[in-house]
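Given next, in structure tokens, is a single chain: the form predicted alone.
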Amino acid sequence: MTMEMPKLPQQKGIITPKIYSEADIQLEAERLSDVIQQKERWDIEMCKTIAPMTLEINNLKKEKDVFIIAHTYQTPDIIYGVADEVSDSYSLSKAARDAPQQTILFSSVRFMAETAKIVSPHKTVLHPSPDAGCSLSDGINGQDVRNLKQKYPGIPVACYINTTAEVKAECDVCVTSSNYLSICEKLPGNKLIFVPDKFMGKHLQKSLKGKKEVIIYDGECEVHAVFTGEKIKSWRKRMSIQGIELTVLSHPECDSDVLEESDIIGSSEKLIKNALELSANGKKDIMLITECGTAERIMAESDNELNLIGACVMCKHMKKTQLEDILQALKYPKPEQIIQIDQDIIDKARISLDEMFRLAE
């Protein structure tokens, strides 16, 4: 692999896990190392250091009937060690809604845990890292949406799921990276307001040109904003000199110049699916234009030769949650780790999410 990956998470030591036998730790370490499939980084000795935590977390979630959800951008020890469901925002919001367990632990950034509470208000939703924000959700509030609605009265407002409950409550429909194109095309009228991601908004403007006018907000994902079309061109040229045909897969949170240089555009789940299909068909030279967690999942889940080219960008917010945070939240949840949203906000925000489910299914 030529892709530069982030350093392994450093354990904070905020909670001491139970003591397990050497045999149990060895067996769990072997399971972790095998499923993560990065033996140079997650070898048996490294996995032994986290095995006591994964063992205790998995025992506790059964004892307390907790469903653990993790976004694709979380670290491999969480994704493959303790999570019951791993995916992108759309699938995870459905998983939170449909899980039979009455307690959901969401390993992610805060807006995702809020979304789980909105779709399942009767459930307890735990979020181990209350300070894990998001540049998109933190860059817009309810008043910003109300101002837009006042400026453009009667025009439908679609919000990307990377928004707070307060913002969702002011919008007509919520969308994700897997369905924003199809849902926005279905909205009534020949105009729509799209918040907060200006890059996805620009992609919408191009895709709906001649059909709808798209009014966009000036927000961006600080991770995906780093990538540029010129960098992709440079990589393609260097790879071509070496006789390598590069396939570029990009997330739609990137700017339009990146998307124009990409072969495939889609949500995290779509990029993973397509990368695995490409490698299965012998196209092993792939560049991923997204957060590092997507690359780590592809490496773990591919059975074929794969060459991930280039350097991914890590989301510092998504990487705030570590195994000991999950263990602590399961054992001794703090008030700030329990998601609380005013009922009137839940009721209003639920409308935008229900409309997303209706239009997407």
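Keep in mind that this is a model prediction, so the values were computed, not measured. Residues carry their position along the shown sequence, with the first being 1.
Here the subject shifts to the form predicted together with 1,3-dihydroxyacetonephosphate, a form of this protein not shown in this document.
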73, 112 and 268 each touching 1,3-dihydroxyacetonephosphate in the predicted bound form (heavy atom, 4.5 Å): yes
Hey, in the predicted bound form, is residue 251 touching 1,3-dihydroxyacetonephosphate, heavy atoms inside 4.5 Å? yes
Although the partner isn't part of this model, could you tell me whether residue 224 comes within 4.5 Å of 1,3-dihydroxyacetonephosphate in the predicted bound form, counting any heavy atom of the residue? yes
Within a 4.5 Å heavy atom cut-off, is residue 160 in contact with 1,3-dihydroxyacetonephosphate in the predicted bound form? yes
Partner contact for residue 88 in the predicted bound form: 1,3-dihydroxyacetonephosphate, 4.5 angstroms, heavy atom: yes
Partner-proximal stretch of 160-168, 234-242, 76-84, 280-288 relative to 1,3-dihydroxyacetonephosphate in the predicted bound form, 4.5 angstroms, heavy atom: 160-168
